[in-house]
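Just one chain is shown here, as structure tokens, and it is the form predicted alone.
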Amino acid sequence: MTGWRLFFLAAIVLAAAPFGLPIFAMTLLTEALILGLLAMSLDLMVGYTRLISFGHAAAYGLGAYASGYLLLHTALPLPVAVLAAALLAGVVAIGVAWVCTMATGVSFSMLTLAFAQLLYAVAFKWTSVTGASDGLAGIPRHPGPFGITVFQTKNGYYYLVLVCLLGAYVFCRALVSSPFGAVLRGIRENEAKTLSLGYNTRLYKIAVVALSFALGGLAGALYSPFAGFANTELLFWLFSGQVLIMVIVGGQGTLIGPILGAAFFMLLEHVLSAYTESWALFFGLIFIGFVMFAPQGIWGLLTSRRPKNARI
């Protein structure tokens, strides 16, 4: 119960944030929650199944472009466009996962990178749909169902992002605690043994990649109307690396850790970039420090003295 009490406490604190934080801080917090959702989605693959992806930006960029295109060219309500974009990312991921899971280990990682770069090239060349290097600009926030306009305000949109993050967390927590999650952990620890027990491990891997991409696509779908644009940088391989760093620094295999890792990454980026243009160099050193001296990540450090049943 302690874990769920912490969850509800965090939800209450985040829900109260608009009443105590200035507009600029709320903008940063909204973006941090979106990145937290993206990092948590990758944790399903990395932390629970040991499928290291170097192309998770593909899910984020695809979701961003899909929701941006729908909002620019249709009259779909904002929540519907966001969910449709997330669903599209999950469906596309089934085909991607079918190919990538033919390989294992480093070969799997390289295939995910190749598909992400392929999508990046398509977005760069398909000018009529993606706007090429200029991207999609002026993405609106259409009223929600029944003419609800609350999502068009900064605080209203923040609550939409918060609900999506909390809902995704509850879903992921139920998933990894289910028999399905037990098989994923079996694949992570010993795939050959899991296969010998009669489980079709490849189908499980395809399923978890599709779910991970759908949630990553949801994060991207939330980002484009938040920022008002979508461009090819959202698909670039460097961004995939940053998301993977968020997962490792936050604590892989914990769900909550990657969310903290995303917030830590954003905060450090804004603080360091105010003093130097070489902020990435210093963040790289911090990342090396975590890998060498705290491989369990931020959440592991915070919970190292707590009983295991207190984890959320």
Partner chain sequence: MDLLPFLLTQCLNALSQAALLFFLGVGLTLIFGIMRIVNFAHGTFYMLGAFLGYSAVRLTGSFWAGLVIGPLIGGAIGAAFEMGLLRRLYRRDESAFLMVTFGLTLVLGEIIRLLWGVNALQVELPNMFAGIVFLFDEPFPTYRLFLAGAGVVVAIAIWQFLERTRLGLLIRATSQNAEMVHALGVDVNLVRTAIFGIGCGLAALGGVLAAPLVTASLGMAGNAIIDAFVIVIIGGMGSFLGSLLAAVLVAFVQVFGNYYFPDFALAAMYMLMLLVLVIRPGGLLGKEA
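Positions refer to the first chain, counted from 1. On a predicted model such as this, the values are computed, not experimentally measured, just so you know.
Although not depicted, the form predicted together with its partner chain is the subject of the following passage.
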Exercise. In the predicted bound form, does each residue in the set G181, T201 and L301 place a non-hydrogen atom within 4.5 angstroms of its partner chain?
Worked result: no
Exercise. Any chance Q117 has a heavy atom within 4.5 Å of its partner chain in the predicted bound form?
Worked result: yes
For this session: Report whether the minimum heavy atom distance between Q242 and its partner chain in the predicted bound form is within 4.5 Å.
Result: yes
Exercise. Any chance I248 has a heavy atom within 4.5 Å of its partner chain in the predicted bound form?
Worked result: yes
Exercise. S128 near its partner chain in the predicted bound form, any heavy atom under 4.5 Å?
Worked result: no
For this session: Look at the stretches 98 to 106, 218 to 226, 161 to 169, 205 to 213 and give the one with heavy atoms within 4.5 Å of its partner chain in the predicted bound form.
Result: 98 to 106
Seminar exercise, completed: Exactly one of V80, L87, L195, A121 comes within 4.5 Å of its partner chain in the predicted bound form through a heavy atom, and that residue is A121
Problem set entry | Heavy atom within 4.5 Å of its partner chain in the predicted bound form - qualifying residues of 31 to 64 | R50, I52, F54
